[in-house]
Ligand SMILES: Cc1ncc(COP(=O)(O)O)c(C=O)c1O
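This document opens with one chain alone, in structure tokens, the form predicted on its own.
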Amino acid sequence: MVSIGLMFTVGAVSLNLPDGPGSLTRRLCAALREGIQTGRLAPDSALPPSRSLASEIGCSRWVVTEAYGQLVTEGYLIATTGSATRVRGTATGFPTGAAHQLAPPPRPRFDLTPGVPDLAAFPRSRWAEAYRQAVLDLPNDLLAGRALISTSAARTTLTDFLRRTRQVQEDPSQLSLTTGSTAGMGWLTALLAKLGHTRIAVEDPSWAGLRAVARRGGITPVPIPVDQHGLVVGRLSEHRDVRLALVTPAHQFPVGVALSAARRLELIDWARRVDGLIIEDDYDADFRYDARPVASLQGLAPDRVVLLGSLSKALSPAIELGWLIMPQPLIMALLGLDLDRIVSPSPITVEALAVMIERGWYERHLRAQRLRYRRRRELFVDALAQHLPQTQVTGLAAGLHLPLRLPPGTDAAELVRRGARRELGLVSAERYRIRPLDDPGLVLGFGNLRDSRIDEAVQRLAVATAESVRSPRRRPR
């Protein structure tokens, strides 16, 4: 039986937003998804503006924009800049009657897409044991629901771990738990927009996900170039109305460099000079193969840096656990927003991670993963040198991806298409650019590629590359 909760309208259609467990965002997603699946929301029909629907439901606008964004990702909705969000049109339509979930597409046989960890290496037995222990030990009060700021001892365990491994400066009250980096960025965007920020400096190129979250929250990304030393901090002064900067100092994605010591100090000086804030996406910080991982930027300037982290690469995106470490004034401002029920993780998941840390299982898993990824990267680089000597690997020996510079004249988009025919999952570097890219290239992930498949994958890539070189134009006689 579906519980009866709040009724709301989309056009002339009434939908039910049921009461019960789960965040408001997830329940709104479910209500809209069911309306589409049953055909009550017709293909190509327009959804109301996020502000209007938020007013009708009586929630923050962020709840609606996050729900719309999730359904765009799942393929139910289409969002176009400057026009209404619409139900995706399709020749066959969505199934009617019983609810039908769109199955995620299978991963390619030769998975070279970046940002995916070794899914087969997930420590299933240890996680299951930790989860079981968390269920047995969890106080009854924490079974009542989710909370943005928890008093659980697990928070102290995670805080101590981050102090020791990432050299952060924090206490448990500064640690806000999230369901991942994207959700954490959503919290932060809602808060910063409320405080009057309208623009944020972002690395160009960079991962589009966090940029999109900022834009959906009403904060416009401003592209700042990246070179071999990281973000070109000197360019920030060209934008006097910008007091926010989103950076990946440990291992920039996708260029693959670390923010240099001089640039780190320059960036902190900029933040203090303009009374600004730096958002440090701690991307790939656990995986450095040629040296010790660099310490967090937050440890240098805890009054000016928000640290954004998650378990998506170290364990799995399916765990849905991340964190924000914020200066105390932001923590107090965040408590004024009604966001705790939207994106907070399960307390059982938090307790399970604490068990993993306390028993040493999590750090042993990280050490094993570093060794595995280091060896895999070496095999990958050797195979590229053998089968594609005309290409160039750039970036640090770190993380789960390789920036690959292609031979001149290679059509990267055509290479991605031809690679798909050979069961290769490929991504062009162009995808991560805000401004046009002159130099053709790929961003190759090796996290989820079996060692035994590396050589064959690169051989297939070599054939696809040869087929994707544009024919030179003949000069007229």
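Keep in mind the model is a prediction, meaning the values are calculated, not measured. The numbering used is simple: start at 1 and walk along the sequence shown.
Note that the form predicted in complex with the ligand isn't included here; everything after this is about it.
Among heavy atoms of W187, none comes within 4.5 Å of the ligand in the predicted complex.
Though the partner is left out of this view, W207 does reach within 4.5 Å of the ligand in the predicted complex, counting heavy atoms only.
Contact check for S296: no non-hydrogen atom falls within 4.5 Å of the ligand in the predicted complex.
Remark: R288 does not count among the residues lining the ligand in the predicted complex, judged by a heavy atom distance of 4.5 Å or less. In summary, among the residues Q174, T182, T349, S344, the only one with a non-hydrogen atom within 4.5 Å of the ligand in the predicted complex is T182. Shown without its partner, this chain lists Y373, W270, F253, Y76 as candidates; in the predicted complex, only F253 has a non-hydrogen atom within 4.5 angstroms of the ligand.
Only one of 358-366, 308-316, 194-202, 233-241 places residue heavy atoms within 4.5 angstroms of the ligand in the predicted complex, namely 308-316. Contacts between stretch 274-302 and the ligand, counted in the predicted complex as any heavy atom lying within 4.5 Å, involve D281, Y283, listed in sequence order.
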